[in-house]
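What follows is a single chain, given as C-alpha coordinates, in the form predicted on its own.
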(Lines give C-alpha, C1' and ligand atoms only; values in the text may rest on other atoms or scores of the structure.)
Protein backbone atom coordinates (compact mmCIF):
# COMPACT_ATOMS: atom_id res chain seq x y z
CA UNK A 1 0.00 0.00 0.00
CA UNK A 2 1.44 3.36 -1.06
CA UNK A 3 1.78 6.31 1.30
CA UNK A 4 -1.01 8.89 0.93
CA UNK A 5 -0.45 12.27 -0.71
CA UNK A 6 -0.44 14.88 2.08
CA UNK A 7 1.61 17.70 3.56
CA UNK A 8 4.26 15.32 4.90
CA UNK A 9 4.75 13.45 1.62
CA UNK A 10 4.76 16.61 -0.53
CA UNK A 11 8.54 17.29 -0.30
CA UNK A 12 9.33 13.72 -1.34
CA UNK A 13 7.51 13.83 -4.68
CA UNK A 14 9.58 13.35 -7.87
CA UNK A 15 11.39 16.40 -9.18
CA UNK A 16 9.37 16.46 -12.42
CA UNK A 17 6.09 16.92 -10.50
CA UNK A 18 5.22 20.59 -10.01
CA UNK A 19 4.09 21.52 -6.51
CA UNK A 20 3.33 24.63 -4.42
CA UNK A 21 6.48 26.40 -3.37
CA UNK A 22 4.71 28.69 -0.90
CA UNK A 23 4.25 27.89 2.80
CA UNK A 24 0.79 26.30 3.02
CA UNK A 25 0.79 26.73 6.80
CA UNK A 26 0.38 30.48 6.16
CA UNK A 27 -2.66 30.08 3.92
CA UNK A 28 -5.84 31.78 5.10
CA UNK A 29 -9.29 31.33 3.55
CA UNK A 30 -10.61 34.09 1.31
CA UNK A 31 -12.83 32.11 -1.08
CA UNK A 32 -15.82 29.88 -0.40
CA UNK A 33 -16.50 27.73 -3.44
CA UNK A 34 -19.82 25.94 -3.97
CA UNK A 35 -19.58 22.83 -6.14
CA UNK A 36 -16.07 21.45 -5.59
CA UNK A 37 -16.11 19.14 -8.60
CA UNK A 38 -13.44 18.14 -11.08
CA UNK A 39 -13.87 21.22 -13.25
CA UNK A 40 -13.26 23.70 -10.44
CA UNK A 41 -10.22 21.78 -9.24
CA UNK A 42 -8.78 21.68 -12.77
CA UNK A 43 -9.55 25.33 -13.50
CA UNK A 44 -10.20 28.01 -10.85
CA UNK A 45 -8.46 26.20 -7.98
CA UNK A 46 -5.25 25.69 -9.94
CA UNK A 47 -5.41 29.28 -11.16
CA UNK A 48 -5.72 30.41 -7.53
CA UNK A 49 -2.79 28.16 -6.61
CA UNK A 50 -0.63 29.72 -9.35
CA UNK A 51 -1.79 33.25 -8.47
CA UNK A 52 -0.81 32.88 -4.81
CA UNK A 53 2.53 31.39 -5.83
CA UNK A 54 3.25 34.28 -8.22
CA UNK A 55 2.05 37.11 -5.97
CA UNK A 56 2.94 35.82 -2.51
CA UNK A 57 -0.56 36.82 -1.31
CA UNK A 58 -1.67 33.75 0.64
CA UNK A 59 -5.02 35.14 1.79
CA UNK A 60 -7.00 33.40 -0.95
CA UNK A 61 -7.20 29.83 0.29
CA UNK A 62 -10.34 27.97 -0.78
CA UNK A 63 -12.97 26.47 1.50
CA UNK A 64 -14.69 24.04 -0.83
CA UNK A 65 -18.31 22.98 -0.46
CA UNK A 66 -19.72 19.80 -1.95
CA UNK A 67 -23.46 20.32 -2.13
CA UNK A 68 -24.59 16.69 -1.83
CA UNK A 69 -21.89 14.01 -1.95
CA UNK A 70 -19.26 13.43 0.72
CA UNK A 71 -16.87 11.71 -1.73
CA UNK A 72 -14.64 14.73 -2.39
CA UNK A 73 -14.45 15.64 1.31
CA UNK A 74 -13.65 12.06 2.29
CA UNK A 75 -10.90 11.84 -0.33
CA UNK A 76 -9.25 15.21 0.22
CA UNK A 77 -9.41 15.61 4.00
CA UNK A 78 -6.76 12.91 4.67
CA UNK A 79 -4.67 14.62 1.97
CA UNK A 80 -4.81 18.05 3.68
CA UNK A 81 -6.74 19.32 0.64
CA UNK A 82 -3.92 18.42 -1.76
CA UNK A 83 -4.65 16.72 -5.08
CA UNK A 84 -2.97 16.20 -8.44
CA UNK A 85 -3.87 17.82 -11.75
CA UNK A 86 -2.74 15.73 -14.73
CA UNK A 87 -2.62 17.60 -18.05
CA UNK A 88 -2.66 15.21 -21.00
CA UNK A 89 -2.09 15.57 -24.73
CA UNK A 90 -0.12 13.99 -27.57
CA UNK A 91 3.57 14.74 -27.92
CA UNK A 92 5.41 15.34 -31.23
CA UNK A 93 6.01 11.60 -31.53
CA UNK A 94 2.28 10.88 -31.31
CA UNK A 95 2.60 9.31 -27.87
CA UNK A 96 0.50 10.51 -24.95
CA UNK A 97 2.33 12.79 -22.54
CA UNK A 98 1.29 13.96 -19.11
CA UNK A 99 2.33 16.85 -16.89
CA UNK A 100 1.55 16.58 -13.16
CA UNK A 101 1.03 19.40 -10.67
CA UNK A 102 -0.03 19.05 -7.05
CA UNK A 103 -2.45 21.87 -6.25
CA UNK A 104 -2.37 23.44 -2.79
CA UNK A 105 -5.08 26.11 -2.77
CA UNK A 106 -7.87 24.02 -1.19
CA UNK A 107 -7.75 24.28 2.61
CA UNK A 108 -10.85 22.35 3.61
CA UNK A 109 -13.87 20.61 2.10
CA UNK A 110 -17.35 20.70 3.63
CA UNK A 111 -20.55 18.86 2.72
CA UNK A 112 -23.56 21.16 2.65
CA UNK A 113 -26.11 18.37 3.01
CA UNK A 114 -24.56 17.34 6.33
CA UNK A 115 -24.41 20.78 7.93
CA UNK A 116 -25.93 23.56 5.80
CA UNK A 117 -25.71 26.08 8.64
CA UNK A 118 -21.92 25.64 8.70
CA UNK A 119 -21.85 26.71 5.04
CA UNK A 120 -23.83 29.85 5.89
CA UNK A 121 -21.34 30.60 8.64
CA UNK A 122 -18.46 30.26 6.19
CA UNK A 123 -20.13 32.63 3.72
CA UNK A 124 -20.48 35.02 6.68
CA UNK A 125 -16.86 34.48 7.76
CA UNK A 126 -15.13 37.91 8.09
CA UNK A 127 -12.22 36.87 5.84
CA UNK A 128 -14.47 35.58 3.03
CA UNK A 129 -14.31 37.99 0.10
CA UNK A 130 -15.41 35.84 -2.84
CA UNK A 131 -18.10 33.17 -3.05
CA UNK A 132 -17.64 31.32 -6.32
CA UNK A 133 -19.74 28.63 -7.98
CA UNK A 134 -19.45 25.69 -10.36
CA UNK A 135 -22.77 23.98 -9.68
CA UNK A 136 -23.58 23.27 -13.38
CA UNK A 137 -26.53 24.77 -15.23
CA UNK A 138 -29.10 22.75 -13.28
CA UNK A 139 -27.77 24.03 -9.95
CA UNK A 140 -29.38 27.45 -10.38
CA UNK A 141 -32.99 26.25 -9.97
CA UNK A 142 -34.03 28.37 -12.93
CA UNK A 143 -36.00 27.89 -16.12
CA UNK A 144 -33.51 27.59 -19.00
CA UNK A 145 -35.72 29.36 -21.57
CA UNK A 146 -36.37 32.45 -19.44
CA UNK A 147 -33.69 32.54 -16.77
CA UNK A 148 -36.37 33.00 -14.09
CA UNK A 149 -36.21 31.30 -10.72
CA UNK A 150 -38.42 28.21 -10.53
CA UNK A 151 -40.63 28.85 -7.54
CA UNK A 152 -41.99 25.30 -7.82
CA UNK A 153 -38.51 23.79 -7.44
CA UNK A 154 -38.64 21.54 -4.33
CA UNK A 155 -35.37 22.90 -2.97
CA UNK A 156 -36.47 26.51 -3.39
CA UNK A 157 -39.78 25.77 -1.64
CA UNK A 158 -37.89 24.02 1.16
CA UNK A 159 -35.46 26.91 1.58
CA UNK A 160 -38.18 29.55 1.89
CA UNK A 161 -39.46 27.66 4.94
CA UNK A 162 -36.09 26.58 6.37
CA UNK A 163 -33.65 29.50 6.45
CA UNK A 164 -31.13 27.66 8.66
CA UNK A 165 -31.10 24.47 6.57
CA UNK A 166 -31.08 25.54 2.91
CA UNK A 167 -30.61 22.94 0.17
CA UNK A 168 -30.44 25.06 -2.98
CA UNK A 169 -27.48 27.08 -4.21
CA UNK A 170 -29.58 30.24 -4.26
CA UNK A 171 -30.92 29.67 -0.76
CA UNK A 172 -27.42 29.15 0.65
CA UNK A 173 -26.17 32.33 -0.96
CA UNK A 174 -29.07 34.50 0.20
CA UNK A 175 -29.09 33.27 3.79
CA UNK A 176 -25.30 33.49 3.98
CA UNK A 177 -25.46 37.09 2.75
CA UNK A 178 -28.22 37.81 5.27
CA UNK A 179 -25.82 36.77 8.05
CA UNK A 180 -23.11 39.08 6.67
CA UNK A 181 -25.51 42.02 6.63
CA UNK A 182 -26.85 41.20 10.10
CA UNK A 183 -23.30 41.11 11.52
CA UNK A 184 -22.20 44.31 9.80
CA UNK A 185 -19.62 42.56 7.64
CA UNK A 186 -18.43 43.90 4.27
CA UNK A 187 -20.07 42.69 1.05
CA UNK A 188 -18.59 39.96 -1.11
CA UNK A 189 -18.26 39.10 -4.78
CA UNK A 190 -20.46 36.27 -6.05
CA UNK A 191 -18.64 34.73 -8.99
CA UNK A 192 -20.40 32.23 -11.24
CA UNK A 193 -18.03 30.03 -13.26
CA UNK A 194 -20.74 27.96 -14.97
CA UNK A 195 -21.57 27.78 -18.68
CA UNK A 196 -24.52 30.15 -18.62
CA UNK A 197 -25.15 33.12 -20.89
CA UNK A 198 -24.52 36.18 -18.68
CA UNK A 199 -23.82 33.89 -15.74
CA UNK A 200 -23.19 36.74 -13.32
CA UNK A 201 -26.30 38.61 -14.44
CA UNK A 202 -28.41 35.45 -14.10
CA UNK A 203 -27.01 34.72 -10.64
CA UNK A 204 -27.72 38.28 -9.56
CA UNK A 205 -31.34 38.16 -10.75
CA UNK A 206 -31.96 34.81 -9.04
CA UNK A 207 -30.37 35.91 -5.76
CA UNK A 208 -32.33 39.18 -5.73
CA UNK A 209 -35.59 37.41 -6.58
CA UNK A 210 -35.17 34.99 -3.68
CA UNK A 211 -33.97 37.71 -1.30
CA UNK A 212 -37.07 39.75 -2.09
CA UNK A 213 -39.18 36.94 -0.61
CA UNK A 214 -37.01 36.99 2.52
CA UNK A 215 -36.33 40.66 3.31
CA UNK A 216 -36.66 43.79 1.16
CA UNK A 217 -33.84 45.43 3.10
CA UNK A 218 -31.56 42.50 2.35
CA UNK A 219 -32.39 42.81 -1.34
CA UNK A 220 -31.35 46.47 -1.29
CA UNK A 221 -28.11 45.65 0.56
CA UNK A 222 -27.14 42.92 -1.91
CA UNK A 223 -28.06 45.03 -4.92
CA UNK A 224 -26.12 48.03 -3.64
CA UNK A 225 -22.97 46.41 -2.27
CA UNK A 226 -22.33 42.92 -3.69
CA UNK A 227 -20.99 42.34 -7.19
CA UNK A 228 -21.74 39.59 -9.71
CA UNK A 229 -19.11 39.55 -12.47
CA UNK A 230 -19.85 37.66 -15.66
CA UNK A 231 -17.16 35.18 -16.62
CA UNK A 232 -16.22 32.68 -19.31
CA UNK A 233 -14.41 29.46 -18.42
CA UNK A 234 -12.93 26.89 -20.78
CA UNK A 235 -11.02 23.66 -20.21
CA UNK A 236 -11.93 20.07 -21.08
CA UNK A 237 -12.05 18.01 -17.87
CA UNK A 238 -13.28 14.42 -18.24
CA UNK A 239 -14.16 12.37 -15.19
CA UNK A 240 -11.29 10.59 -13.45
CA UNK A 241 -11.32 6.78 -13.46
CA UNK A 242 -9.38 4.05 -11.65
CA UNK A 243 -6.87 3.78 -14.50
CA UNK A 244 -6.05 7.49 -14.08
CA UNK A 245 -5.61 7.05 -10.33
CA UNK A 246 -3.29 4.09 -10.77
CA UNK A 247 -1.18 5.79 -13.45
CA UNK A 248 -0.84 8.99 -11.42
CA UNK A 249 0.04 7.09 -8.24
CA UNK A 250 2.83 5.30 -10.09
CA UNK A 251 4.25 8.65 -11.22
CA UNK A 252 3.93 10.27 -7.80
CA UNK A 253 5.07 7.35 -5.72
CA UNK A 254 2.17 8.11 -3.35
CA UNK A 255 -1.56 7.48 -3.50
CA UNK A 256 -3.86 10.33 -4.56
CA UNK A 257 -7.48 9.31 -4.02
CA UNK A 258 -8.98 12.21 -5.99
CA UNK A 259 -6.79 13.50 -8.85
CA UNK A 260 -8.26 15.36 -11.81
CA UNK A 261 -7.36 15.07 -15.49
CA UNK A 262 -7.59 17.85 -18.07
CA UNK A 263 -6.21 19.29 -21.29
CA UNK A 264 -3.29 21.77 -21.30
CA UNK A 265 -5.49 24.50 -22.86
CA UNK A 266 -7.27 26.77 -20.38
CA UNK A 267 -9.09 30.07 -20.72
CA UNK A 268 -10.79 32.34 -18.20
CA UNK A 269 -12.24 35.78 -18.94
CA UNK A 270 -13.74 37.73 -16.04
CA UNK A 271 -15.35 41.13 -15.66
CA UNK A 272 -13.19 43.12 -13.25
CA UNK A 273 -15.99 43.92 -10.79
CA UNK A 274 -14.94 42.73 -7.33
CA UNK A 275 -16.39 44.06 -4.11
CA UNK A 276 -13.46 43.15 -1.83
CA UNK A 277 -10.41 42.43 -3.94
CA UNK A 278 -9.36 39.34 -5.86
CA UNK A 279 -6.40 37.02 -6.37
CA UNK A 280 -3.83 37.87 -9.02
CA UNK A 281 -5.47 35.44 -11.44
CA UNK A 282 -4.04 37.39 -14.37
CA UNK A 283 -0.48 36.61 -13.32
CA UNK A 284 1.37 33.65 -14.81
CA UNK A 285 -0.46 33.99 -18.15
CA UNK A 286 -3.78 33.08 -16.54
CA UNK A 287 -7.09 34.92 -16.50
CA UNK A 288 -7.99 37.95 -18.58
CA UNK A 289 -9.91 40.76 -16.90
CA UNK A 290 -12.29 42.77 -19.07
CA UNK A 291 -15.05 45.35 -18.73
CA UNK A 292 -17.60 43.24 -20.60
CA UNK A 293 -17.39 39.45 -20.84
CA UNK A 294 -20.47 39.03 -23.07
CA UNK A 295 -18.62 38.68 -26.41
CA UNK A 296 -16.29 36.05 -24.93
CA UNK A 297 -19.20 34.15 -23.37
CA UNK A 298 -21.12 34.16 -26.65
CA UNK A 299 -18.08 33.00 -28.59
CA UNK A 300 -17.43 30.10 -26.24
CA UNK A 301 -21.06 28.99 -25.81
CA UNK A 302 -21.64 28.98 -29.56
CA UNK A 303 -18.28 27.89 -31.00
CA UNK A 304 -17.30 25.41 -28.28
CA UNK A 305 -20.25 24.28 -26.21
CA UNK A 306 -22.75 24.11 -29.08
CA UNK A 307 -20.57 21.92 -31.35
CA UNK A 308 -19.45 19.89 -28.33
CA UNK A 309 -23.06 19.02 -27.45
CA UNK A 310 -23.82 18.30 -31.10
CA UNK A 311 -21.00 15.78 -31.34
CA UNK A 312 -22.09 14.21 -28.06
CA UNK A 313 -25.67 13.55 -29.20
CA UNK A 314 -24.82 12.44 -32.72
CA UNK A 315 -21.94 10.31 -31.46
CA UNK A 316 -23.96 8.71 -28.69
CA UNK A 317 -26.65 7.72 -31.20
CA UNK A 318 -23.91 5.96 -33.21
CA UNK A 319 -22.72 4.18 -30.08
CA UNK A 320 -19.56 6.26 -29.65
CA UNK A 321 -18.28 6.35 -26.09
CA UNK A 322 -16.00 9.39 -26.45
CA UNK A 323 -16.03 12.76 -28.16
CA UNK A 324 -12.72 11.97 -29.87
CA UNK A 325 -14.41 8.98 -31.57
CA UNK A 326 -17.16 11.29 -32.79
CA UNK A 327 -14.89 13.98 -34.19
CA UNK A 328 -12.74 11.33 -35.91
CA UNK A 329 -15.83 10.12 -37.79
CA UNK A 330 -15.51 11.98 -41.14
CA UNK A 331 -19.22 12.64 -41.62
CA UNK A 332 -19.64 14.09 -38.11
CA UNK A 333 -16.51 16.21 -38.33
CA UNK A 334 -17.55 17.61 -41.72
CA UNK A 335 -21.02 18.37 -40.40
CA UNK A 336 -19.85 20.19 -37.26
CA UNK A 337 -17.15 22.04 -39.20
CA UNK A 338 -19.72 23.31 -41.70
CA UNK A 339 -22.14 24.23 -38.90
CA UNK A 340 -19.46 26.31 -37.20
CA UNK A 341 -18.37 28.05 -40.39
CA UNK A 342 -21.70 28.66 -42.08
CA UNK A 343 -24.31 28.94 -39.32
CA UNK A 344 -22.57 29.80 -36.04
CA UNK A 345 -19.70 32.03 -37.16
CA UNK A 346 -21.88 34.62 -38.94
CA UNK A 347 -23.80 35.28 -35.68
CA UNK A 348 -20.60 36.35 -33.90
CA UNK A 349 -20.39 39.93 -35.10
CA UNK A 350 -17.25 41.94 -34.47
CA UNK A 351 -14.86 38.99 -34.49
CA UNK A 352 -12.57 38.89 -37.55
CA UNK A 353 -13.01 35.89 -39.83
CA UNK A 354 -9.37 34.95 -39.26
CA UNK A 355 -9.99 34.88 -35.51
CA UNK A 356 -13.01 32.61 -35.91
CA UNK A 357 -11.03 30.33 -38.21
CA UNK A 358 -8.26 29.98 -35.61
CA UNK A 359 -10.81 29.38 -32.83
CA UNK A 360 -12.63 26.73 -34.88
CA UNK A 361 -9.43 24.91 -35.79
CA UNK A 362 -8.18 24.93 -32.21
CA UNK A 363 -11.49 23.57 -30.90
CA UNK A 364 -11.52 20.68 -33.36
CA UNK A 365 -7.92 19.84 -32.44
CA UNK A 366 -8.69 19.98 -28.72
CA UNK A 367 -11.61 17.57 -28.85
CA UNK A 368 -9.73 15.14 -31.12
CA UNK A 369 -7.08 14.69 -28.40
CA UNK A 370 -6.85 10.87 -28.04
CA UNK A 371 -4.86 11.23 -24.81
CA UNK A 372 -7.95 12.71 -23.14
CA UNK A 373 -11.02 10.53 -23.84
CA UNK A 374 -14.04 12.66 -22.96
CA UNK A 375 -17.20 10.53 -22.55
CA UNK A 376 -20.10 11.48 -24.79
CA UNK A 377 -22.40 10.74 -21.84
CA UNK A 378 -20.71 13.46 -19.75
CA UNK A 379 -21.18 16.12 -22.42
CA UNK A 380 -24.69 14.91 -23.31
CA UNK A 381 -26.11 15.06 -19.79
CA UNK A 382 -28.48 17.85 -18.70
CA UNK A 383 -29.44 18.76 -22.26
CA UNK A 384 -32.58 20.61 -21.14
CA UNK A 385 -30.30 23.09 -19.35
CA UNK A 386 -27.63 23.32 -22.06
CA UNK A 387 -29.45 23.28 -25.41
CA UNK A 388 -31.26 26.65 -24.97
CA UNK A 389 -28.05 28.69 -24.73
CA UNK A 390 -25.75 26.47 -26.76
CA UNK A 391 -28.02 26.04 -29.80
CA UNK A 392 -31.43 27.72 -29.53
CA UNK A 393 -30.11 31.27 -29.04
CA UNK A 394 -28.07 30.90 -32.23
CA UNK A 395 -31.13 29.60 -34.08
CA UNK A 396 -33.13 32.63 -32.93
CA UNK A 397 -30.45 34.98 -34.25
CA UNK A 398 -30.43 33.16 -37.60
CA UNK A 399 -34.22 33.30 -37.87
CA UNK A 400 -34.22 37.05 -37.20
CA UNK A 401 -31.91 37.60 -40.16
CA UNK A 402 -33.66 35.05 -42.38
CA UNK A 403 -30.63 32.77 -42.59
CA UNK A 404 -30.39 29.00 -42.90
CA UNK A 405 -30.82 26.96 -39.69
CA UNK A 406 -30.68 23.42 -41.09
CA UNK A 407 -27.54 22.20 -39.34
CA UNK A 408 -28.33 23.84 -36.00
CA UNK A 409 -31.81 22.37 -36.10
CA UNK A 410 -30.43 18.91 -36.83
CA UNK A 411 -28.31 19.28 -33.68
CA UNK A 412 -31.48 20.01 -31.68
CA UNK A 413 -33.24 17.07 -33.33
CA UNK A 414 -30.29 14.87 -32.33
CA UNK A 415 -30.81 15.85 -28.69
CA UNK A 416 -34.52 15.05 -28.85
CA UNK A 417 -33.82 11.75 -30.60
CA UNK A 418 -31.11 10.96 -28.02
CA UNK A 419 -33.78 11.20 -25.30
CA UNK A 420 -35.20 7.86 -26.50
CA UNK A 421 -32.34 6.24 -24.55
CA UNK A 422 -31.28 3.87 -27.33
CA UNK A 423 -28.52 4.08 -29.93
CA UNK A 424 -28.70 2.81 -33.51
CA UNK A 425 -27.30 -0.60 -32.57
CA UNK A 426 -29.93 -1.10 -29.89
CA UNK A 427 -27.65 -0.24 -26.99
CA UNK A 428 -29.36 1.40 -24.04
CA UNK A 429 -28.10 4.35 -22.00
CA UNK A 430 -29.46 6.36 -19.09
CA UNK A 431 -30.84 9.86 -19.60
CA UNK A 432 -29.25 12.14 -17.03
CA UNK A 433 -31.28 15.34 -16.91
CA UNK A 434 -33.08 17.25 -14.14
CA UNK A 435 -36.14 17.25 -16.41
CA UNK A 436 -35.84 13.57 -17.37
CA UNK A 437 -39.32 12.63 -16.15
CA UNK A 438 -40.97 15.62 -17.84
CA UNK A 439 -39.07 14.97 -21.06
CA UNK A 440 -40.13 11.31 -21.08
CA UNK A 441 -43.77 12.42 -20.80
CA UNK A 442 -43.17 14.96 -23.56
CA UNK A 443 -41.82 12.27 -25.91
CA UNK A 444 -44.81 10.08 -25.11
CA UNK A 445 -47.27 12.90 -25.85
CA UNK A 446 -45.48 13.65 -29.12
CA UNK A 447 -45.77 10.02 -30.25
CA UNK A 448 -49.47 9.88 -29.35
CA UNK A 449 -50.07 13.08 -31.32
CA UNK A 450 -48.10 11.77 -34.30
CA UNK A 451 -50.01 8.47 -34.39
CA UNK A 452 -53.33 10.33 -34.18
CA UNK A 453 -52.42 12.45 -37.22
CA UNK A 454 -52.67 11.64 -40.89
CA UNK A 455 -49.47 9.92 -42.13
CA UNK A 456 -48.47 13.00 -44.11
CA UNK A 457 -48.78 15.18 -41.02
CA UNK A 458 -47.38 12.90 -38.31
CA UNK A 459 -43.78 14.16 -38.44
CA UNK A 460 -44.88 17.79 -38.32
CA UNK A 461 -47.28 17.11 -35.46
CA UNK A 462 -44.53 15.36 -33.46
CA UNK A 463 -42.22 18.35 -33.95
CA UNK A 464 -44.96 20.79 -32.92
CA UNK A 465 -45.52 19.00 -29.61
CA UNK A 466 -41.82 18.73 -28.84
CA UNK A 467 -40.95 22.33 -29.72
CA UNK A 468 -43.97 23.52 -27.75
CA UNK A 469 -42.23 22.58 -24.49
CA UNK A 470 -41.77 26.12 -23.19
CA UNK A 471 -39.32 25.48 -20.32
CA UNK A 472 -36.74 24.62 -22.98
CA UNK A 473 -37.94 26.17 -26.24
CA UNK A 474 -39.75 29.26 -25.00
CA UNK A 475 -41.61 30.77 -27.95
CA UNK A 476 -39.44 29.06 -30.58
CA UNK A 477 -42.19 26.52 -31.18
CA UNK A 478 -44.15 29.31 -32.88
CA UNK A 479 -41.49 29.70 -35.57
CA UNK A 480 -42.83 27.69 -38.51
CA UNK A 481 -39.44 27.47 -40.24
CA UNK A 482 -37.87 25.93 -37.15
CA UNK A 483 -40.73 23.47 -36.59
CA UNK A 484 -40.67 22.35 -40.23
CA UNK A 485 -36.90 21.82 -40.19
CA UNK A 486 -37.14 19.98 -36.87
CA UNK A 487 -39.84 17.69 -38.26
CA UNK A 488 -37.71 16.81 -41.30
CA UNK A 489 -34.59 16.07 -39.26
CA UNK A 490 -36.39 14.04 -36.62
CA UNK A 491 -37.96 11.88 -39.30
CA UNK A 492 -34.64 11.41 -41.11
CA UNK A 493 -32.96 10.33 -37.88
CA UNK A 494 -35.78 7.90 -37.16
CA UNK A 495 -35.93 6.40 -40.62
CA UNK A 496 -32.36 6.58 -41.93
CA UNK A 497 -30.02 7.26 -39.02
CA UNK A 498 -27.33 9.73 -38.11
CA UNK A 499 -24.90 9.40 -41.02
CA UNK A 500 -27.60 9.88 -43.65
CA UNK A 501 -28.99 12.88 -41.71
CA UNK A 502 -25.66 14.70 -41.37
CA UNK A 503 -24.57 14.00 -44.96
CA UNK A 504 -27.89 15.31 -46.24
CA UNK A 505 -27.45 18.49 -44.17
CA UNK A 506 -23.75 19.17 -44.93
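Residue numbers count along the first chain shown, from 1. These numbers were taken from a predicted model, which means no experiment stands behind them.
Just so it is clear, the following notes concern the form predicted in complex with ligand CS2, a form of the same protein that is not shown.
Peer 1: Using a 4.5 Å heavy atom cut-off, state whether residue 394 contacts ligand CS2 in the model of the complex.
Peer 2: Residue-level check for residue 394: no, no contact with ligand CS2.
Peer 1: Quick one: does residue 240 come within 4.5 Å of ligand CS2 in the model of the complex, counting heavy atoms only?
Peer 2: Although ligand CS2 is absent here, residue 240 would stay clear of it in the model of the complex, with no heavy atoms inside 4.5 Å.
Peer 1: Looking at the partner-bound form in the model of the complex, is residue 199 within 4.5 Å of ligand CS2 by any heavy atom?
Peer 2: Contact check for residue 199: no, nothing within 4.5 Å of ligand CS2 in the model of the complex.
Peer 1: Does the 4.5 Å heavy atom contact test between residue 251 and ligand CS2 in the model of the complex come out positive?
Peer 2: Contact check for residue 251: no, nothing within 4.5 Å of ligand CS2 in the model of the complex.
Peer 1: Just one stretch in 376 to 384, 417 to 425, 96 to 104, 397 to 405 has heavy atoms within 4.5 Å of ligand CS2 in the model of the complex, so which one is it?
Peer 2: So the stretch in question is 376 to 384.
Peer 1: Using a 4.5 Å heavy atom cut-off, are 129, 185 and 278 all in contact with ligand CS2 in the model of the complex?
Peer 2: No, because 129, 185 and 278 lack any heavy atom that approaches ligand CS2 to within 4.5 Å in the model of the complex.
Peer 1: Looking at 236, 191, 206, 111, which has any heavy atom no more than 4.5 Å from ligand CS2 in the model of the complex?
Peer 2: Contact residue from the list: 236.
Peer 1: Answer with one of 227, 329, 369, 305: the residue that has a non-hydrogen atom within 4.5 Å of ligand CS2 in the model of the complex.
Peer 2: Of 227, 329, 369, 305, the residue with a heavy atom within 4.5 Å of ligand CS2 in the model of the complex is 305.
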